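Before any questions on binding or motion, here is one chain by itself as structure tokens, the form predicted on its own.
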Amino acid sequence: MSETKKDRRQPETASRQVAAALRSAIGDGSLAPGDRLPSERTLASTHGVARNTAREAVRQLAESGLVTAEHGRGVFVRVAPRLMRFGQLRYSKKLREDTGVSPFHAEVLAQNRIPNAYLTSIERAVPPASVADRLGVKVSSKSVVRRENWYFADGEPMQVGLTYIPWEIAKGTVLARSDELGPGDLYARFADRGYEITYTREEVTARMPTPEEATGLMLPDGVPVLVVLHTGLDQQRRPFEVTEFVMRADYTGLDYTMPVDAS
């Protein structure tokens, strides 16, 4: 682990610099999941800081969820298994009928973890241009219902999803007014309206989080997010919903299986 060069113009940043060095060591594998961090005395000596500064740096890591303290043993790099997103399986009708829950809940349960999700807002809205284009709705009027959900595994925030549904599909239904969607959740209610999810398009990019995303997802400094722009299409390839998922890149993996065009 390299030594920290402290910025003497801003003494209060010394602990942040030590924390950044430790994060870098965790990120490049020098400190692997399950490894014990050096003692406060060792950190202070290595980085040329006071012990209380080293202690504060470790506190910052713990607050970010990167390390955990075990009484009498020390501080250890947290073992955090990635939550895999099953791109093809997660939307299958069989999975929906077998489990009766949303794709996210089924996915998390299949990985022996505890899911939770909260609908934080639902409103009729003007869609972003990218969403309007994919849904074929007007960008100049409140042509969609916007649903915002936050998703958790084992009590930790994993992602936020902004779902956009054409108003003509959602109006007069539970899709436009409630989180109580019943057995099969969102896609069962689409199927009730004649829109059985049969095809999906998913565009995956990465970027740094907004301040609101960083706070809500409890992201450590420097951790990016994955953005999956998902479009659901029915049996006639009609788009009927778009969801933008913003996911923690440090906790998320993508697993896609798909046929390859051999022609």
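On a predicted model such as this, the values are computed, not experimentally measured, just so you know. Numbers follow the displayed sequence, beginning with 1. Rigid core here is just the name for the largest C-alpha set that superposes within 1.5 Å across the two forms.
Beyond the structure shown, there is the form predicted in complex with the DNA, which is absent from this document and is the topic of what follows.
**Q** Would you mind picking the one in 214, 69, 204, 32 that has a heavy atom within 4.5 Å of the DNA in the predicted complex?
**A** Filtering the options by heavy-atom distance leaves 69.
**Q** Within 4.5 Å of the DNA in the predicted complex, heavy atoms considered, which of 136, 74, 100, 81?
**A** Contact check passes for 74.
**Q** Is every one of 36, 41 and 48 in contact with the DNA in the predicted complex, taking contact as a heavy atom within 4.5 Å?
**A** Yes: 36, 41 and 48 each sit within 4.5 Å of the DNA in the predicted complex.
**Q** Does the DNA get within 4.5 angstroms of any non-hydrogen atom of residue 14 in the predicted complex?
**A** Judged by the heavy-atom cut-off of 4.5 Å, residue 14 is in contact with the DNA in the predicted complex.
**Q** Give a yes/no on whether residue 230 approaches the DNA to within 4.5 Å in the predicted complex, heavy atoms considered.
**A** It does not: once the DNA is placed as it appears in the predicted complex, residue 230 has no heavy atom within 4.5 Å of it.
**Q** Contact with the DNA in the predicted complex for residue 210, defined as at least one heavy atom pair within 4.5 Å: yes or no?
**A** No - in the predicted complex, heavy atoms of residue 210 and the DNA never come within 4.5 Å of each other.
**Q** Just checking whether residue 55 would be counted as a contact of the DNA in the predicted complex - the rule being heavy atoms within 4.5 angstroms.
**A** Within the cut-off, so yes.
**Q** With both forms fitted on the core, give yes or no for whether the Cα of residue 48 moves by 2 angstroms or more between this form and the one not shown.
**A** Result for residue 48: yes, a 2 Å-plus shift.
**Q** Once the two forms are fit on the core, has residue 225 moved its CA by at least 2 Å between this form and the one not shown?
**A** It does not, since the residue 225 C-alpha is displaced less than 2 Å between this form and the one not shown after the core fit.
**Q** I want to check residue 72: does it shift between this form and the one not shown by 2 Å or more at the Cα, with the core superposed?
**A** Yes.
**Q** Quick one: with a 3 Å or larger change, is the residue 156 to residue 60 CA distance smaller or larger in the predicted complex? Answer closer or farther.
**A** Residues separate in the predicted complex, at least 3 Å farther apart.
**Q** So the C-alpha spacing of residue 18 and residue 216 changes by 3 Å or more in the predicted complex; is that change toward closer or farther than shown?
**A** Result: farther.
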